[in-house]
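Heads up, the chain below is alone and in the form predicted on its own; it's given as structure tokens.
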Amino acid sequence: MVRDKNLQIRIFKNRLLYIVVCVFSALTAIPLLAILGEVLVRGWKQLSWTFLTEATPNAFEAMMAMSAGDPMPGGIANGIVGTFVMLLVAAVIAIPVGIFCGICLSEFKGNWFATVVSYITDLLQGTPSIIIGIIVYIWVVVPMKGYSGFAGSVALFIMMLPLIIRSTEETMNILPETLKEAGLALGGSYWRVMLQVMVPSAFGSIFTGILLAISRVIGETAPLMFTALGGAAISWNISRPMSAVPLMIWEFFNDPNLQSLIWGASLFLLTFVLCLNLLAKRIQKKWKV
């Protein structure tokens, strides 16, 4: 009798906990679904080939289109080009640096220098993006005597670096030690074993960390306001001011004539980040360490 009563109590607690978890999960999902729904409803009509391939209209063109009741001319091509160029330059620098630094932190855990670098990495990961923008403004924009896409790339590089370092370090830590021992036993040099055996074995998790780092910084606005500044024309010159999609959303918000373009640009950015995250999940599942 007592045993049946205890069993019923345990079943009740289990069901209650299940209901509580479901309720809190639903509460967590509601804001996300509300944001996605609002952006999708308002922005899907703006997405078109023209919207993705033409530069942003100036205020006069937008005002004339609004007064005539015509669709808004132009699009966000200058922001798309600037975003991809700055991300590419930042990734080219951050990926090798982050991977090598993550390997060193994993291999030399007890070393004092590795400990200092680890603390700095944690500090850098928690630094507000606007502070990074100000620092890069002092380090890059002022010496170069002008805003540029390169300065924006430096800011994004600094923000991507700790994420890649941590993902690489954690992945290398969970690899079986026998992999390295087998490579060394076969006569391979230490760094050859690391680069040709250990890193390829951890490829899935490292690449997932890289994709997540890119998706983390692609929506940053504050550091680009101090570095890349923005531009109305499509530009491939990284030594000149460049636009970016999140930077354009801020500019659209401050211009009453262009505010209708906010939703299309936001939907493009959210869709791109969603695709990156889905790709990262798929790669992590396929090449799970």
Partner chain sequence: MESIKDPILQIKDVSIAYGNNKRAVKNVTADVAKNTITAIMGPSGCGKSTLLRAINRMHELYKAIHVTGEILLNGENVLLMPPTEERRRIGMVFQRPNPFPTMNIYDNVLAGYILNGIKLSRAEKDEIVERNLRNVMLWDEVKDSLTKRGTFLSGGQQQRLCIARSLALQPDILLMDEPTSALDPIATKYIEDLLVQLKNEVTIMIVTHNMSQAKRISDYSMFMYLGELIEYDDSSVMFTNPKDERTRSYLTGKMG
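Here the structure is a predicted model, which means the values were calculated and not measured. Numbering follows the first chain given and starts at 1.
Keep in mind the form predicted together with its partner chain is missing from the figure; the text below concerns it.
Proximity of residue 189 to its partner chain in the predicted complex falls within the 4.5 Å heavy atom cutoff. The closest non-hydrogen atom of residue 185 lies within 4.5 Å of its partner chain in the predicted complex. Using a 4.5 angstroms threshold between heavy atoms, residue 201 counts as touching its partner chain in the predicted complex. Using a 4.5 Å cutoff between non-hydrogen atoms, residue 115 does not count as a contact of its partner chain in the predicted complex. Of the residues given (91, 135, 197, 77), 197 alone sits with a heavy atom within 4.5 Å of its partner chain in the predicted complex. Site annotation in the predicted complex: the residue of 124, 142, 130, 179 reaching within 4.5 Å of its partner chain with a heavy atom is 179. The stretch from 150-158, 208-216, 79-87, 171-179 that comes within 4.5 Å of its partner chain in the predicted complex, counting heavy atoms only, is 171-179.
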